[in-house]
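The chain below stands alone and is given as structure tokens, in the form predicted on its own.
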């Protein structure tokens, strides 16, 4: 009773403090107008953060602008930056490195994530604890993961070399995961798989648990084997979720930067130089802002186009 009276008094004080003109204006607005009053600031903020930088980047991509020479005259170069990018062998080399990185990480993460989801979907003692343990890598910051695995990959003191030595019987200091040209690409693949397989597992697990139980009961009545149930029920009904996980990981890995930058910085040589690393070097080491803006637009169009094609394929699978 006392609290109700206190709340009423607070409301009365707020009403008394509100200018009468504002009260009249708000009372005169329709519900639709009041909704726009609340939504417009958020929309303006989103436009300022997302749309304006995109438009500004498109504008810079047609110029010779260099951010370290801000006072130099700005010259309109048309599509010269785009022609240079599409005919640059170094750009195509980094795109090939990116394509191999995306392919192997997605393939391994999808297989391991789906197998883990099938395992976790079965009720066993302590499955909640093990699910939490499996999810720990994806909770870590990429900066922490990069430094952590850089230490593990050290040839003299790193645990990874000692584990490989224990399994293969070779000396721990006889190979370098980060410094070797043939092993460095696999070093970044291993770290990405270790970090993001739990994410794929979660999406696949959601797909498995969305399958109605009566379908399996009907299959058992028809005496379908466990293998037959997996191929005819589990995999087809979980496929849209698997494809969704592939889409998310594909987009993220296509623009992967922070973890690879900390692990190898694109080296040795350019064996792990992803497109994002090349973009960073063009923008902040060579200071070719207009050129790097055009490269960013090319990457955006590539990701957007591939994702659009993939989403159409995903919708066709869901309609079956």
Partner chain sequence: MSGGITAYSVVEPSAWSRRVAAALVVLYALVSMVPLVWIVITGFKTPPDSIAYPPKLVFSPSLEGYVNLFTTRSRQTPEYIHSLPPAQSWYEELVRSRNMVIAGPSKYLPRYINSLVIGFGSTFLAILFGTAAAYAFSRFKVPLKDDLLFFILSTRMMPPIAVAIPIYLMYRELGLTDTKLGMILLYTAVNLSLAVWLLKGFIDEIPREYEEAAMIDGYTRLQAFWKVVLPQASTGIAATAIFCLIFAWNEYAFAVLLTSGEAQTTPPFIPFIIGEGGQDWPAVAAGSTLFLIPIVVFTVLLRKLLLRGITFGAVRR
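Computed from a predicted structure; not experimentally measured. Numbering follows the first chain given and starts at 1.
This next part talks about the form predicted together with its partner chain, which is not shown.
- This chain is displayed alone, yet in the predicted complex one of 90, 180, 80, 220 has a heavy atom within 4.5 Å of its partner chain; that residue is 220.
- Of the stretches 98-106, 81-89, 181-189, 138-146, only 138-146 has residues with a heavy atom within 4.5 Å of its partner chain in the predicted complex.
- Against its partner chain in the predicted complex, the set 175, 310 and 319 makes no contact: no member has a heavy atom within 4.5 Å.
- Although the partner is absent here, residue 269 sits far enough away that none of its heavy atoms falls within 4.5 Å of its partner chain in the predicted complex.
- Although the partner is absent from this view, residue 73 stays clear of its partner chain in the predicted complex, with no non-hydrogen atom inside 4.5 angstroms.
- In the predicted complex, residue 209 approaches its partner chain with a heavy atom inside 4.5 Å.
- Although the partner is absent here, residue 286 is not a contact residue: none of its heavy atoms lies within 4.5 angstroms of its partner chain in the predicted complex.
- Contacts between stretch 86-124 and its partner chain, counted in the predicted complex as any heavy atom lying within 4.5 Å, involve 112, 116, 119, 120, 121, 122, 123, 124, listed in sequence order.
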